[in-house]
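The chain below stands alone and is given in structure tokens; this is the form predicted on its own.
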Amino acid sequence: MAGVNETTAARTRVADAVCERLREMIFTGELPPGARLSVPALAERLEVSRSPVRDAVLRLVQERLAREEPRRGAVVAYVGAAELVAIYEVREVLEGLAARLAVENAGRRLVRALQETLEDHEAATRTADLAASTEADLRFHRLIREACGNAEVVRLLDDVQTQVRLAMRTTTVTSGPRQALDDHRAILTAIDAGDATAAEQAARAHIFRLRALLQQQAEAGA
């Protein structure tokens, strides 16, 4: 595994690099939910000193990608079905607001970027490329929130998306690739038409559909 070269950067930059590497390991499942984030072990694994690893682990706890457990220290966090439903209740409102604001603040550049992303998503769906499909799905939502012009909405949705990506390691959150494409197409159509209300409604309907499926999963597992 490639390590992080501590000799070429100051401690803060090394901590940033270590944190990014640990996020990647969590999101890919290399560090699964419940895995211990041992500072000595990770420092040896990443070929850095313990200080930047300790800083990075503390940051992951602040981001809720990790949590402190008695006698175990920091471990990779786990997002349960009931907790994910609550997250999606918040996400539904925020995604709708982001879509509305994007219509009011963004121009044709956003429409073109969304069209290109939707084309990539369709191509990935046709070839059953799950990784590319997931990346295109995430990019579609990221483009909208970054175009909304409200830093607080972006910050809140970034936090929500972090929790969703963490949950994807243990929970299936999908209404099917074709339904997701149809939902995204409806959102794009409304944004292209400059209809802020329709864009908000389409974005909320998309997330509501996912939340309803999660609610069923949570009730089935209760």
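Heads up: residue numbers just count along the shown sequence, starting at 1. So that the term is clear: the rigid core is the largest set of C-alpha atoms that superpose within 1.5 Å between two forms. Because the structure is a prediction, the values reported are computed rather than measured.
There is also a form predicted together with a further copy of the same chain; it is not shown, and the following applies to it.
Q. Is residue 62 close enough to a further copy of the same chain in the predicted bound form to count, meaning some heavy atom within 4.5 Å?
A. Residue 62: contacts a further copy of the same chain in the predicted bound form.
Q) Should residue 134 be classed as touching a further copy of the same chain in the predicted bound form when contacts are defined as heavy atoms within 4.5 Å? A) Output for residue 134 is no: heavy atoms all beyond 4.5 Å of a further copy of the same chain.
Q) Heavy atoms within 4.5 Å of a further copy of the same chain in the predicted bound form: does residue 178 have any? A) The answer is no: residue 178 has no heavy atom within 4.5 Å of a further copy of the same chain.
Q) Using 4.5 Å between non-hydrogen atoms, is residue 68 touching a further copy of the same chain in the predicted bound form? A) Residue-level check for residue 68: yes, a contact with a further copy of the same chain.
Q: Run the contact test on 143, 184 and 195 with a 4.5 Å heavy atom cut-off to a further copy of the same chain in the predicted bound form and return yes or no.
A: No, none of 143, 184 and 195 comes within 4.5 Å of a further copy of the same chain in the predicted bound form.
Q: Identify, from the list 75, 90, 81, 138, the residue with a heavy atom within 4.5 Å of a further copy of the same chain in the predicted bound form.
A: After the contact test, the surviving option is 90.
Q) Residues in which of 184-192, 40-48, 24-32, 154-162 have heavy atoms within 4.5 Å of a further copy of the same chain in the predicted bound form? A) One stretch meets the cut-off, namely 154-162.
Q | Those residues of 12-47 which, in the predicted bound form, come within 4.5 Å of a further copy of the same chain by heavy atom | A | Sequence-ordered list has one entry, 13.
**Q.** After fitting the core, residue 74 CA displacement of 2 Å or more between this form and the one not shown
**A.** The answer is yes, as the C-alpha of residue 74 shifts between this form and the one not shown by 2 Å or more after core alignment.
Q.
Superposed on the rigid core, does the Cα of residue 209 end up 2 angstroms or more away between this form and the one not shown?
A. Residue 209 C-alpha, core-superposed: shift of less than 2 Å.
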